[in-house]
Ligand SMILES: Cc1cc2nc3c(=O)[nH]c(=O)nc-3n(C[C@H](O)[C@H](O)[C@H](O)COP(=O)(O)OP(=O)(O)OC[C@H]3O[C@@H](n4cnc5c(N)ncnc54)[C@H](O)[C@@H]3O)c2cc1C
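One chain follows as structure tokens, the form predicted on its own.
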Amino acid sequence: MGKADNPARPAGQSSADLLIVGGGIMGLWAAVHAEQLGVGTLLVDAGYLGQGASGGVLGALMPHMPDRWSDKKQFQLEALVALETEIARIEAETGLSAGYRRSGRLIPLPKPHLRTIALRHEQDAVNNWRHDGREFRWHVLDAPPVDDWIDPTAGASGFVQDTLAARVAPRSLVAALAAFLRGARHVRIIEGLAIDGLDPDRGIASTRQGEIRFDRCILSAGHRSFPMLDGMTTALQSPLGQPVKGQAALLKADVDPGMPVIFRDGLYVVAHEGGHVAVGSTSEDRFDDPLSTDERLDDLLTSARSLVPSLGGAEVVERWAGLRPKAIDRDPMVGAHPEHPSLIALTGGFKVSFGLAHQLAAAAVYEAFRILPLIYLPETFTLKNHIAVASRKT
């Protein structure tokens, strides 16, 4: 128990109270919560833990804008605040760093009307960015708050600095969660074993090594969850989700790791520990090769080097591409399947997975076993809502 099984060993009649399909960031956090609740759990991944989109390089944890407050924005705020404590617990248990830092975010304002909007958001943050005794700010500044990081001419009308945004090293967090689970009492891990068929009503998952029996199943296989859910759902007019390709790069640069994340027009520049800076990411609905990088990443690098002149000569040490799960209604997809109550979806997330996964996973585990306190999910996050959207005639 707690150690990764040898994939060559037949699964035979393996069984578990909870089967988690997929060992990305969502599935890992689900297994952590199951361990904390003492639920006998089997986590199965077709490859290795974090192999898919969770194995990227960017790690930006960005909050929604503080205006037009909603239950969705409140959920994200609470998750971003709680994540700091959750990661600290995993780091204390494992002795491993997840590369987390609440570094804040820096947004250049190239035009006057953007400054006007940003000034309104400044008061919105005072009203809305409060949780658990902590307050976070959205400051509008005339000049960058740090030297030698962002080109000062990029903000002709000023800059926004927020204190809520953070960053994490995705692979480091995956490694820390995996280390915690490999020392767990109630969680068993099998890597390199694909689930070929899933019958939630009979509680049987089929694999090349035999059947796995379960009482509850959390489906957290990223974009591969969507066709599995499609096949179990009647009356759909559209698929429940799709993969979206993202490209990013990791550069070697002598940069203070405490520098704020830079965001401009979909471009992120993230300073990490160890002299690394991540740049990303694209969002491609159409692609030929999901794992190759191309001129779209080159364009991002050009933009990043223009925005951060100190990156001009920085060596690119890795170019990365992968597929992220985008649900039909864009928001995360969590909850029991209305036709198969023992099957709980835990996917979607797209660009926000790392900031919300711990809370979404807790909601999935608690719902699976009706364990209090149940975590309130915004309606648009629920599997039921996504099914309703996908069932509408187009």
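In case it trips you up, residue 1 is the first one in the sequence shown, and so on. Computed from a predicted model, the values in this text were never measured in an experiment.
What follows is about the form predicted together with the ligand, which we do not show.
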Contact stretch among 194 to 202, 67 to 75, 146 to 154, 309 to 317 - heavy atom within 4.5 Å of the ligand in the predicted bound form: 194 to 202
The single option of Ala60, Ile328, Ala363, Leu42 touching the ligand in the predicted bound form, heavy atom within 4.5 Å: Ala60
Close approach of Arg305 to the ligand in the predicted bound form, 4.5 Å, heavy atom: no
Touches the ligand in the predicted bound form: Gly246 (any heavy atom, 4.5 Å): yes
In the predicted bound form, Lys351 touching the ligand (heavy atom, 4.5 Å): yes
Interface membership of Gly335, the ligand in the predicted bound form, 4.5 Å heavy atom rule: no
The ligand in the predicted bound form reached by all of Val21, Gly47 and Ala53, non-hydrogen atom within 4.5 Å: yes
Sequence-ordered list of residues in 197 to 229 near the ligand in the predicted bound form, where near means a heavy atom within 4.5 Å: Ser220, Ala221, Gly222, Arg224, Met228
